[in-house]
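Next up: a single chain in structure tokens, the form predicted on its own.
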């Protein structure tokens, strides 16, 4: 993106404040364009009126990310990769999480193939209010047989609607697989110096994204990408090779840095998403499968941080997958926006009029920690999340985001009356907000008890202090 302020985008908008985009002003809409929560297509006058056609074209060029965005698959589960504008997250943020595809092979027994695909599709981890999921399936043509590959691709597509990568260097094999899933926009892996013409023709014919591959040869990689782009293929992914150990691994890491730096600096011929292949850890001669799995996780971590947009992995063991998922989620969480839950009154378990009432802030990590500590100990209660702009209790008290007025406002918005909805008119406040006890009592006209400093101590605190005397 070549502009970074709403004022710059505003110059290209109709500036009529018509509200057709759903925003009260054109400046507000410009802000949404800059943070990518809005698109130019959301402004009807800009799109429909001919007098704005030139401005629209210029604006779309300015808003386009430095690294091309590529979509794999169709529907809600389509995987969007690339689209970044910066080398370092602290400069802006990273968009489009690294996508994790797990491999299956066409020489697997059908039952084993289906079981593994279901394992990939069903894998999920609840983390800070969201489910972390795996992104797709990479089907490898281990047999080299077009008919076997097509049958495996068909079985995978029947089992899941996750996006697919079709893996072979044989154009005939790729074509057989494409025929089966031609409406599902799979990613083709891969075009290299030997097959680029045939694989490029497949990408054009079926209108699907394609990987270009050149092992540790960036000049050849750039030439291949440029050649396919000039042939009319826009959705390209780069594979500079992933060597699992030794100097080759160092070279691989350096290649990823060089490619991304060149793309961000404006070299459009190589400004595409990058594919990493951590599953090559299994080809490094590591005999112990647990150690191989650990090494795969190390490689996945390296290329999540620098700058793998999509990966093919093998190990499905939780000790491998969970660290990989958590790292991806952490790196791609927008540092400008605290992770928060909605400010509201929540029920934990099956609370009644006799149940205790707690509050905490709407910082997601705080809320889900408190909720988990309470629920896992079988305590039925009411839990109010006070909107502090996603800031934790101690910092919110210090910064003035958590006050007695804020707590009262949260009860009012939730429509919860301590005098009517429970029979004890008592609120338990976090120990870290003890200094607000008197003010909250005055605001709510309720009895306020100071709970423990740590929500993990709530069960013990309850045994000694609840019900109130």
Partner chain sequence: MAKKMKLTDITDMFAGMDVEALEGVTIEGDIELDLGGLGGGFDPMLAAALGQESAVLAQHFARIAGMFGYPVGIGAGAPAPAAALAAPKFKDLIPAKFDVANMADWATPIQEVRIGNTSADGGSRGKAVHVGGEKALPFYFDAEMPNRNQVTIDVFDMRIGLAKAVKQNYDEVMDSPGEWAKKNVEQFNADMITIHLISTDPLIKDTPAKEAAKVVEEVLQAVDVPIAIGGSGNPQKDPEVLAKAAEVAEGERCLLASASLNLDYAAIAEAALKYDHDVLSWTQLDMNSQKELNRKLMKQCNVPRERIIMDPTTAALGYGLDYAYTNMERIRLAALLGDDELTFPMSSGTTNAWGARESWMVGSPLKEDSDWGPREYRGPIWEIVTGLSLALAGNDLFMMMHPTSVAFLKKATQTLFGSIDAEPVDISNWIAAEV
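Residue numbers count along the first chain shown, from 1. Computed from a prediction, not measured in an experiment: that's the story for all the values here. Here the rigid core means the biggest group of C-alpha atoms that line up within 1.5 Å when the two forms are laid on top of each other.
There is another form of the same protein, the form predicted together with its partner chain; it is not shown, and what comes next is about it.
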Within 4.5 Å of its partner chain in the predicted complex by heavy atoms, the stretch out of 154-162, 351-359, 304-312, 67-75 is 304-312
Note: exactly one of 219, 183, 342, 110 sits with a heavy atom within 4.5 Å of its partner chain in the predicted complex, namely 219
In the predicted complex, the residue from 172, 365, 147, 268 with a non-hydrogen atom within 4.5 Å of its partner chain is 365
Margin query: When the contact criterion is heavy atoms within 4.5 Å, does residue 234 count as touching its partner chain in the predicted complex?
Written below: no
May I ask you to state whether residue 201 is within 4.5 Å of its partner chain in the predicted complex, using heavy atom distances?
-> yes
Quick one: does residue 435 come within 4.5 Å of its partner chain in the predicted complex, counting heavy atoms only?
yes
(message) Taking its partner chain as it sits in the predicted complex, is residue 456 in contact with it (heavy atom to heavy atom, 4.5 Å or less)?
(response) yes
Looking in the predicted complex, the residues of 225-259 with a heavy atom no more than 4.5 Å from its partner chain, listed in order, are 226, 227, 228, 230, 231, 233, 241, 242, 243, 244, 245, 246, 247, 249, 250, 253, 254, 257, 258, 259
Check your understanding: residue 393: CA shift of at least 2 Å between this form and the one not shown after core fit?
Key -> yes
Post core alignment: residue 330 C-alpha displaced by 2 Å or more between this form and the one not shown: no
Task: C-alpha of residue 377 moved at least 2 Å between this form and the one not shown on rigid core - done: yes
Assert for residue 81-residue 339 (C-alpha, 3 Å or more) in the predicted complex vs reference form: pair farther
Relative to the shown structure, Cα residue 401 and Cα residue 93 in the predicted complex (3 Å or more change) are farther
